[in-house]
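In structure tokens, one chain follows: the form predicted on its own.
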């Protein structure tokens, strides 16, 4: 279990995190979300031991995580951290970057593990390619595979799929997060992408204004977001009294109701159109199956 106890941290006089307190169970996937500058990356660096703590404590099981004042080399053998700077060996191949972290005393096992991890990150055709010739997204995948090579107990991921092409992301997410679950590796992922979370995270923790403002299962936060900031992570939303926060798909265009709006624009969004309209002079968004003309009058209802 990871325990973060009453953590407060800042750079110089500016506090980035205040009174942060939470636990993560062994084998659990915790997603940390929040706006840019909310402290997501800083929190991961603190858990890794990259900075010294003046207030608060961090424990993995019974071992306290300490910073550079106590450790000549930052980090711990049981923990791996994949940041947005990959720190790879550019003049060696993908396979060599991964196998470097495996035992040379068992070459057959090392070869098997290297092949397995290359498959997890879907780089089979680049196994013998030097890293310097890879794209940013491919390098990001090598960094993830290399972090997994020594089978860490806890893995910290900072925007782990940010450089990867959209058409490759979903399959790669499934591969990586399924591998972590199957091997009972605890994971903390800092992300701004809801697709890194939905379907994979056991818990979501929301950071805002230096503090934790929510921590719950993804489905609970999605269904009951409480705050516009939380709802914005999941998609287009509206604040309509007396209903509160409602997503665009929860508004349904009907023949007649006491809720009337004027269409401003329609955006094609794949299997639906996103209708932008004005209701009581406020902009709202409604999902609809067809395009609607600008300035047309519509009625809508709120569905659960």
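None of these values were measured; they are calculated from a predicted model. Residue numbers count along the first chain shown, from 1.
Form predicted together with adenosine-5'-diphosphate (ADP): not shown, discussed below.
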query	finding
Exercise: residue 238 in contact with adenosine-5'-diphosphate (ADP) in the model of the complex, heavy atom 4.5 Å	no
Residue 37, heavy atom within 4.5 angstroms of adenosine-5'-diphosphate (ADP) in the model of the complex	yes
Proximity of residue 292 to adenosine-5'-diphosphate (ADP) in the model of the complex, heavy atoms at 4.5 Å	no
Contact of residue 42 with adenosine-5'-diphosphate (ADP) in the model of the complex (heavy atom, 4.5 Å)	yes
Option from 292-300, 21-29, 278-286, 7-15 whose residues, in the model of the complex, bring a heavy atom within 4.5 Å of adenosine-5'-diphosphate (ADP)	7-15
Residues from 265-304 in contact with adenosine-5'-diphosphate (ADP) (non-hydrogen atom within 4.5 Å) in the model of the complex	none
